[in-house]
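What follows is one chain in structure tokens, specifically the form predicted on its own.
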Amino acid sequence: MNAIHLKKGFSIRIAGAPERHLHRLNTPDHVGMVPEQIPFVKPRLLVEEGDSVSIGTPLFEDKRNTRIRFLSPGGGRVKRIVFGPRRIIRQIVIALDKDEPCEAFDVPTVEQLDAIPRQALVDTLLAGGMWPFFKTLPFMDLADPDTVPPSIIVRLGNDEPFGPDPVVYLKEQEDRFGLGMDLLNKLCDRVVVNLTGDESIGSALPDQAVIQRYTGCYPAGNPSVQLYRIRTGSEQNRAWFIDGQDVILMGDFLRTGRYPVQRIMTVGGSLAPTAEHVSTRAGVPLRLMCNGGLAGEPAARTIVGGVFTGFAGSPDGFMGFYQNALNLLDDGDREEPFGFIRPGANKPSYSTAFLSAFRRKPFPMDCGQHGEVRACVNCGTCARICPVDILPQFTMKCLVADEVEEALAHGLLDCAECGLCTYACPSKIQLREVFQAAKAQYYKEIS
């Protein structure tokens, strides 16, 4: 096991970390898909309102590559399809039947896995809706099924507050994880397990697995940061990555021949009624995740995904395809009388200007900016905290001046989109959003 320590970054102490005990949620009466929150995908609907669907029925396909389809996380009836501006598909809601029908897929047996051609395995994963779990760097888009990546990174441990803990979702799933790893080794000659967090997890991994342990501040669990620290050539920039829990789903798919819908997720944050891991299913309603309400707080903001990189959800929304965490934080959208003279003992911040720099207990974090947007003052805070050593302040100014080539030279494509620069910026500039949009625009131009 190789050990790699990250010196740059910042781990904020936020109240509401989920406990490791696992709570089983009740079965919902409806589930949903949120195509709007899947980056780069151009969905084409394959169902209409009122259609009957099974678990594993294709709901929509990617217009860019129609072989990549997203399957139904439930069996029943398409109750509602919600469109946004310009016919953006926001939600596909499925009312579940009591006895949910399930599609069966033709999958190789464990014994056949060694002999099956790579292309046949790719076709099986495409047909079974498993391919979208593979994403490629540096743009975080769906992996191209017609290419062979230089490596596949398996991320075990997402250190962004508050992702599921591998200790919880690997328990009693070691066999399925090992089967999923066998599948990955058929797709690529180099599969690397990047471990963040509890070192004891390594003992549950297959003996032949190549393991690299990352320690240090957030975002040590980010695959872009991990690749940045180990790559030896530009050919490695197009590596694929997959979450550890999704590797278990791959093994479950091969074992059963059915589209897996079970998930382990987390509910966290200072306003969470109970901060814990929950056993539920894909597309679960957010209201069910937080026990039917939002901790009794009208000012709660529902964040689907990580605190730094998730998206705002509504009580009537659903968990996203890639998100396995729900965080409930104080909205913070209010003025603080005489805030400019308060010592800030209860204000989490990267800056050492507040007394909170001496606090070691978790903070009840909120979503307020605590200040207005100002011009960049070249303080260098973002550069000191950036885990991939780009110069965010100069990169941002290059983009504002439409000097894209110079922004690329500063390392725009290395940006891990971790959100730390936005969090630490004393001028309240939304740097992550600027870089994310610039990367997406550049990707569309070269695709």
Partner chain sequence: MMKVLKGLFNTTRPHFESGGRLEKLHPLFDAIETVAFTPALTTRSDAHVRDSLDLKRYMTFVIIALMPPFFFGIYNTGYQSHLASGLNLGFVPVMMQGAWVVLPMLMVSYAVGLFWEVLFASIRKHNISEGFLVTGLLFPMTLPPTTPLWQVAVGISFGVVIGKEIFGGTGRNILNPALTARAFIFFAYPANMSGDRVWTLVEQSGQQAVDAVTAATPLALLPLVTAGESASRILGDAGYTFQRLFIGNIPGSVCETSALMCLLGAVFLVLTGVGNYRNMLGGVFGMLAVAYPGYLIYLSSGGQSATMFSVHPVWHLVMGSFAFGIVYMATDPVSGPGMNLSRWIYGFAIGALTVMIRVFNPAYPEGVMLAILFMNLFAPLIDHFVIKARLRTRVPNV
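Note that this is a predicted model, so its numbers are computed, not measured. Residue numbers count along the first chain shown, from 1.
As for the form predicted in complex with the partner chain, it is not shown, yet the points below apply to it.
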{"item": "Heavy atom distance at most 4.5 Å to the partner chain in the predicted bound form, all of 34, 40 and 48", "value": "no"}
{"item": "Options 208-216, 122-130, 301-309, 182-190; stretch whose heavy atom lies within 4.5 Å of the partner chain in the predicted bound form", "value": "301-309"}
{"item": "Residue (of 238, 79, 287, 171) lying close to the partner chain in the predicted bound form, criterion heavy atoms within 4.5 Å", "value": "238"}
{"item": "The unique member of 279, 274, 351, 256 whose heavy atoms fall within 4.5 Å of the partner chain in the predicted bound form", "value": "351"}
{"item": "Residue 247 within 4.5 Å of the partner chain in the predicted bound form, heavy atoms", "value": "no"}
{"item": "Distance check, residue 116 to the partner chain in the predicted bound form, heavy atom within 4.5 Å", "value": "no"}
{"item": "The partner chain contact at residue 390 in the predicted bound form, heavy atom, 4.5 Å", "value": "yes"}
{"item": "Any non-hydrogen atom of residue 62 within 4.5 angstroms of the partner chain in the predicted bound form", "value": "no"}
{"item": "Residues from 375-391 in contact with the partner chain (non-hydrogen atom within 4.5 Å) in the predicted bound form", "value": "375, 376, 377, 378, 379, 380, 388, 389, 390, 391"}
